[in-house]
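Here you'll find one protein chain in two forms, each presented separately as structure tokens under the names structure 1 and structure 2.
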Structure 1
Amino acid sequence: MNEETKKKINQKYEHKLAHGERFWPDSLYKDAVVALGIFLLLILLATFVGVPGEPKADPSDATYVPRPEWYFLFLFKFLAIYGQIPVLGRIEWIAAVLIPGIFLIVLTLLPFIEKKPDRHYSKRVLPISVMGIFVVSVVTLTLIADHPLKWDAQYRLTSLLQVISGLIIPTAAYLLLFLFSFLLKDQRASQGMVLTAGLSGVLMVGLTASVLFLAPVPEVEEVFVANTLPDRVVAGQDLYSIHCVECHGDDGSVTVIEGVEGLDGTVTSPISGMDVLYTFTDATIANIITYGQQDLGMPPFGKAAGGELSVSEIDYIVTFMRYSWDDRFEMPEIPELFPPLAEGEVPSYEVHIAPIAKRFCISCHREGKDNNNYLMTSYDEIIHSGDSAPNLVAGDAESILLKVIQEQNILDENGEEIIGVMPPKSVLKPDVVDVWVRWVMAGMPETVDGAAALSDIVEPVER
């Protein structure tokens, strides 16, 4: 750049300054308004959206699908799409390091690469087109980052669209842009470039939209996170009821295990006793749950040792044990398992039956246990599964399940017991039995709304 151009630029700037404004307060005023807007937006986000809860880091959980921060998602997706290229796609560092590296160097040295003093956009068609395609790429790649890139029948089309929009179009567009800028002259060159950039941008957006429309993101199973102490205790109790009750009993007082396949007669220390709770730290109890005590018959439960419980879940169980049984701790107020029923009110599966089943039944009535194939982890299973199905018939007070929870076992013709009373080692409280009976008699509604429609709540009429 020669001195004359510099002088011209500086003169022009002086002129602009003379007809401009003052930094204080004119510009600062706009800055302050924007800052206030951002600040209020952040307060709103913090208040109404909050920070999503996440379970504690669990290095042993190999099933977790890793995902980078959202602002690196575009790079992550680019890597995935790049990996689809035959042969070249195998060399990961080209996409992970080389391409971003080149991009960064170009970006940094931009003032020395684009040396012409022209500033108006009409004279900078090439750079603006390149940047435009880059920005559209970043945005669209971020948007489709969670969509599967697989070549089975279900995803073949959308995967192809992703590759086209994320890799082929931008590459082709860049090539065309440089071709135009070198081969064509002035007017025609810029026309070609504007056309290329505009067209590829529209295509990328269109393809991304169709990917979003055609391929629903596979739903990530939401992991429950207990935040408050009562939540943690309840979560711990539910998990205890599923995984520990069989051997240790619902109050943790079992000393000799009974009725558990392979462990019958095994001696265990009562885990609700002070010998255990005073002398074992939280970490010790968590380790025992995680790794088990194989020589004593206790299997491992933590994911780290091949079990199914996460670090957070084991943490909840320990919290439950401490606050329920350790007399040095004061139990916080715990919400009820299910809301009490009014006279004439019909319970629903989602509000009443599901938590009851979780607390008292699922321990055995789930996959992989000796339970006559009667599973109780979902609405359908409770109603339809089992070797002696149907265990529940709407409106039938003689349904098998209702009988066994009211201490009547089921016998075959020879008087042999087929199904014993349930739960095998304890008796359900009358209010829990009442929920079951009402639910079955009213037609077993799944949802709250369904139950409300069947309800005939006796309410004093006010006049």
Structure 2
Amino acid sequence: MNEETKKKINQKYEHKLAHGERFWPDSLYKDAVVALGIFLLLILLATFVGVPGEPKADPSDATYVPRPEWYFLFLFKFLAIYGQIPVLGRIEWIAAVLIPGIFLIVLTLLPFIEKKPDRHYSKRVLPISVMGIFVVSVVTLTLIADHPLKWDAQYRLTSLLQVISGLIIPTAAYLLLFLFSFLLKDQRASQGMVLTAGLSGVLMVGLTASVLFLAPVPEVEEVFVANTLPDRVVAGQDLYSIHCVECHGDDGSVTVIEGVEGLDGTVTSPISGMDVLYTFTDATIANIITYGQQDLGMPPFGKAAGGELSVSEIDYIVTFMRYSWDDRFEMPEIPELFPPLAEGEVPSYEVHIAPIAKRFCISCHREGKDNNNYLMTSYDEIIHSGDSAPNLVAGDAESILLKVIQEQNILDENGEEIIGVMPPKSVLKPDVVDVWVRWVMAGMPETVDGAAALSDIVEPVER
């Protein structure tokens, strides 16, 4: 830097110093206003948007695929793309440590490489170009992070586009930038770097848009997470109804198990009694559900022991037991099982029948249970399955299911019982029975729209 340049810089500095703002209070005041704005924005986002809940970590779940937070997705995707190089694909540390490390070193050394005293952006082409390509690369890699890299017929094209956009183009662009910086004169170097940065950015954005447009939408399995106490109680009640009520009854008061294959006549403690709830902690009850009690005939239900319930689901059951039967806990206000019906309103399967079947029927009427092959886990199963099918006939008040839920046994020609009262360990409340009767008599609509159309023409059922 020659003396003339130093003099100009000093003159600009003195001018800014004389006419510029002071650190206190001007700069601090602006910083405080911006910080307060960001803080309020975070509060609003947390209050009205929030973060989706996730189930508790389950070490026994081998199907879980860990994923980083969104701000690390670009590195996650870069690692996946780098893994497509046959020679180096298994050397993860190169992509996860070495290459990012080299990039950070380059950024650190950049002020020593680009030593121009000018501060205007038009005079700082190399560092701006490097950061521009980096920012575009981060954004595009984040956008395609959920799209898989597979080389079958369905994903071959989009996988190739991802490799080109996420690896080949930025690598070539960085090499060209530094070649232009070292080999060309100022004006020609600046033009070459601007052209390289602009063209590579456009190509990366274009290829990313092509991936998003062409790639099949990845299937994401929705996982229900109960975030509030009422939600946890309701979720636990549904799970208890499916997995526990067959042996312990809907109120947990069963002392002798009846009608369960392999356990008929087994003596058990009432799990709703104080001897259990006052003696066992939540962790103890959760462990019993998880690992079972094989000496008493109770199988394990937790995934860690070969069952089908996750850690969160077992916690929901324990929460339901505590707040339903332990008099030391006050039951929170929970939503109704189904919306109450107005006079003449027709229920639908998806709003009324499905939650009722889940709560009272699926415990026995699902695969693997002794139920005369009558399954109730879907609309078609309720109507068409079973050895005695049809168990429900639209408009027929004498349908088998309607009779047994109204405490009428089904008898054979010799007067012997072939189907008993349902559910076998409890009695349905009148409003639940009313929903079943209205639904069958109205034609058993599946959807809300179908039920709404029938509600205009169907008269209330007289019984």
Partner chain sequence: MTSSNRMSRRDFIKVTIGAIGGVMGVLLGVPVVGYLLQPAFRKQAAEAWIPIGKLEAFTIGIPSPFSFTRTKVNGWERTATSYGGFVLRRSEDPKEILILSSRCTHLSCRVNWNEAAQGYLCPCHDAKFSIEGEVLSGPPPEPLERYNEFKVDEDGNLLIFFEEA
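Between two forms, the rigid core is defined as the largest C-alpha subset superposing within 1.5 Å. Residue numbering: structure 1 sequence, from 1. Every value quoted in this text rests on a predicted model; they were computed, and no experiment measured them.
Q: Pick the form predicted in complex with its partner chain out of these two and give me its number.
A: Looking at both copies of the chain, structure 1 is the one that matches the description.
Q: Cα of residue 335 displaced 2 Å or more between structure 1 and structure 2, core superposed?
A: Result for residue 335: no, shift under 2 Å.
Q: On a rigid core superposition, would residue 231 pass a 2 Å threshold for CA movement between structure 1 and structure 2?
A: Moves: no, less than 2 Å.
Q: For residue 150, state whether the C-alpha moves by 2 Å or more between structure 1 and structure 2 after rigid core superposition.
A: Yes, residue 150 moves 2 Å or more.
Q: Core-aligned, what does the C-alpha of residue 17 shift between structure 1 and structure 2, expressed in angstrom?
A: Displacement of the C-alpha, rigid core superposed: 16.4 Å.
Q: Residue 141: how big is its Cα shift between structure 1 and structure 2, in Å, with the core superposed?
A: That residue's C-alpha is offset by 7.8 Å.
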